[in-house]
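What follows is a single chain, given as structure tokens, in the form predicted alone.
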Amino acid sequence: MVFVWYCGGMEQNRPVISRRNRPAKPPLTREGIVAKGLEILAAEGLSGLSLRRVATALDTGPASLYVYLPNLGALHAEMLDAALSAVTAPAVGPWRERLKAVLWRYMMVLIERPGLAPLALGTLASGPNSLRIWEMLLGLLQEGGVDAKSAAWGVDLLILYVTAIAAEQSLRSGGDLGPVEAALAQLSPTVYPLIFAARALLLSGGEERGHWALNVIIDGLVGPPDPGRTA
């Protein structure tokens, strides 16, 4: 459709595009909102994620999102839970190695998705994938002979540890540990003799350090060896 308009006495032709000719927007869904949130988080980081930003990316208004999510914290929880769908447990092997494999996969999911580790550090997810992981961890600790209270508290401790390590790793990849490394390099051996002697070890270890820490925590949960219990 074309109509004629006048400006300064000069006749010009300008096409008018009917809104009915635009491609139909896909229907808004909770899954679509969460997927778009994860996409924005990966591209713009946690500081760039907001309900308004997600709504704009979905070509809708922020009010439309409140039908599915009450606030930004709820979106964070849904995003984290969706990402945790990739966490699985090996079917066979000693219980301790299967436990560590679940936790390691949990940590790698947070590390592999840009921005997810800092989000996870401040988010309590309780969706179906999170509950599935808790169930797996409790089952593995029970298989290892851990008592009910230690297992319940231990699940929280283990998840908190791997989440914190993933968040620290995201800082390392961003170069944010530079000031720490510089401070250690300039230490006075007289004022801080112990730190000076351990300065190379304090930031070392990598994957080996991660497995060491998990073993320390798991050993603490299992407790001293019980002569009446098989390994």
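Residue positions are given as counts along the sequence shown, with the first one as 1. Note that the structure is predicted; figures quoted are calculated from it, not measured.
Below, we refer to the form predicted together with the DNA, which is not included among the displayed structures.
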Problem set entry | Whether T88, V92 and R132 all lie within 4.5 angstroms of the DNA in the predicted complex by heavy atom | no
Exercise. Looking at 189-197, 54-62, 202-210, 31-39, which lies within 4.5 angstroms of the DNA in the predicted complex, counting heavy atoms?
Worked result: 54-62
Exercise. Hey, in the predicted complex, is V67 touching the DNA, heavy atoms inside 4.5 Å?
Worked result: yes
Exercise. With a 4.5 Å heavy atom cut-off, would you call Q169 a contact of the DNA in the predicted complex?
Worked result: no
Problem set entry | Proximity of A151 to the DNA in the predicted complex, heavy atoms at 4.5 Å | no
For this session: Classify L138 as contacting or not contacting the DNA in the predicted complex by the rule of any non-hydrogen atom within 4.5 angstroms, answering yes or no.
Result: no
For this session: Have a look at A101, L72, L121, I111 for me and say which one sits with a heavy atom within 4.5 Å of the DNA in the predicted complex.
Result: L72
Problem set entry | Within 4.5 Å of the DNA in the predicted complex: residues from 102-130 (heavy atom criterion) | none
